[in-house]
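Listed next as C-alpha cells is one chain, alone, in the form predicted on its own.
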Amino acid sequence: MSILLNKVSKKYGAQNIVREFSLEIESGELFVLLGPSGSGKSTLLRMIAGLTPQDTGEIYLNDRNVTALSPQKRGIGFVFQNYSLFQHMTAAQNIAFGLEILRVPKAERDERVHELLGLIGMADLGNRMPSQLSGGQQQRVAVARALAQRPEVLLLDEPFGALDVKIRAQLRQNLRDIQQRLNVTAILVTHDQDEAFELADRIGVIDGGELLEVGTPYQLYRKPQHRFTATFLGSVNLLAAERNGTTIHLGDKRLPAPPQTDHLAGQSVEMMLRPESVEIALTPENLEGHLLGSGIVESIAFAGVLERVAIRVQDWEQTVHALVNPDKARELNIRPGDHVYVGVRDFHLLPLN
C-alpha cells in the first residue's frame, strides 16, 4: 500500500474542512480526488504533503507513519496550480533546485536534469527563463522539478486549471505517460470530470470534506452509489420510481429491475438515465429498449458530435434529455412541438434519500 489515510480531519474555527477521511491508494496508481470548489480536496493534499497539519488521524506513505514528519522528510513531490517556478532561474535551474539543496553532486545533478528535460519533451529548452516559456511548458517544468528527487509520491493540485482546453488535453496525456513510465504513485486534485476520466485509475468523489465513494471512472459514471456522484459526473435524468419484487414501477409503466439491486427491494428509488442511453422514436415499436412514455419535443440543441433533445414526457410531466446521433435526428426529422416516444436502453437505481 503506497498511501494510507486513517480518519484524517481538519477544521478552521467551527468549519469542518476535512472530516475523518480514510483512503488507501495502491503503489503506482494514479488516483484522482474529484469534487467541487471548497470540498476540501486541496486541503487534504496539503495535509498529505505536510504543508498543512491535520487535527486528527494518521498518514502513512509506503508503510511509514509520516504524520509528524516535516514535508522534506516525506518523500513527496508537489505540483501547484500556478507552477510556482523561480522567475530568475532557467528551466534547468528550476528542476535542479531541490537537488542542490540536498547537495547532490553536480555531475549527477546535471544528468538528472538532462534526463527529465528529455522526459517532458523540452531537451533543447533548459536554458530558457520561465518568461520565455508557454504556460504548458512551464507546467511541464513544474512536474519535472517535482520528480527530480525521485519522490515516492507525486501530488498535483489542479495542475492544468490555468491552461486552455487544447493545451490541457495535451498535458494530461503527457503527465499520464510520465507517471506510468516512472511508476510513481500520484494523487491529482481536480473539479474537471473529463480530466478525471482520462487520467484516473480510480476516482474518489469528495464533497463537504467527506469521501462519498471510490471507484473506476466507468463504475462511478455508470453505477454510482450516491446521488451527488451521479449528478456531478455528467448529465443525468433522475426519475422517481418504486422497486417492488423484481419490477420497477414508474407511473403506470413496469420495467425489470436491474441485477444486483435486491438491497433496494420495497423502496422508493430514483432511476438514473444517462442521456446517451435514452431513445427517441416516432412509434413505440421502433424503440430497442424499454418504453418510458410519450411526450413533446421541447428543444433540440447542437452538442458537438451529438444533438441534445429535450422531451416533456406527458405521463409524469417531466423533461427528459437525450443525446442523439445527428444522422438519427435527421432520420426522425423531429422539430420542437413534435410528438415522440421515449425509451431507455439501460438504467441504474439510486436509493431515494
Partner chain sequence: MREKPVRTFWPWLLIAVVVVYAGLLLLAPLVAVISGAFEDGIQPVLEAITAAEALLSLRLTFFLAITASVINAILGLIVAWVLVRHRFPGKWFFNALVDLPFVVSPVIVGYVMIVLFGRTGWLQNFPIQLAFSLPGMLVVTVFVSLPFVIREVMPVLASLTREQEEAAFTLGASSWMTFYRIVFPAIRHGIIYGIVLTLARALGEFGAVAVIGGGVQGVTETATIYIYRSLHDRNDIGAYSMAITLGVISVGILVVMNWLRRDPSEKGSQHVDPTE
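Positions refer to the first chain, counted from 1. Just so we're clear, the structure is a prediction, and the values are computed from it rather than from any experiment.
Beyond what is shown, the protein has a form predicted in complex with the partner chain; the following relates to that form.
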* Structure fact -> Interface check vs the partner chain in the model of the complex: of 282, 117, 163, 169, the one with a heavy atom inside 4.5 Å is 117
* Contact residue in the model of the complex, chosen from 80, 197, 228, 221 - any heavy atom within 4.5 Å of the partner chain -> 80
* **Contact label in the model of the complex: residue 127 to the partner chain, heavy atom within 4.5 Å** => yes
* Would residue 97 count as a contact of the partner chain in the model of the complex, using a 4.5 angstroms cut-off between non-hydrogen atoms? -> yes
* Asked: Is residue 89 close enough to the partner chain in the model of the complex to count, meaning some heavy atom within 4.5 Å?
  -> yes
* Counting only non-hydrogen atoms and a 4.5 angstroms cut-off, does residue 265 reach the partner chain in the model of the complex? -> no
* Asked: Thinking of the partner chain in the model of the complex, which stretch from 61-69, 44-52, 302-310, 27-35 has heavy atoms inside 4.5 Å of it?
  -> 44-52
* **Every residue of 294, 329 and 338 near the partner chain in the model of the complex, heavy atom within 4.5 Å** => no
* Structure fact -> Restricting to 287-326, the residues within 4.5 Å of the partner chain in the model of the complex through any heavy atom are none
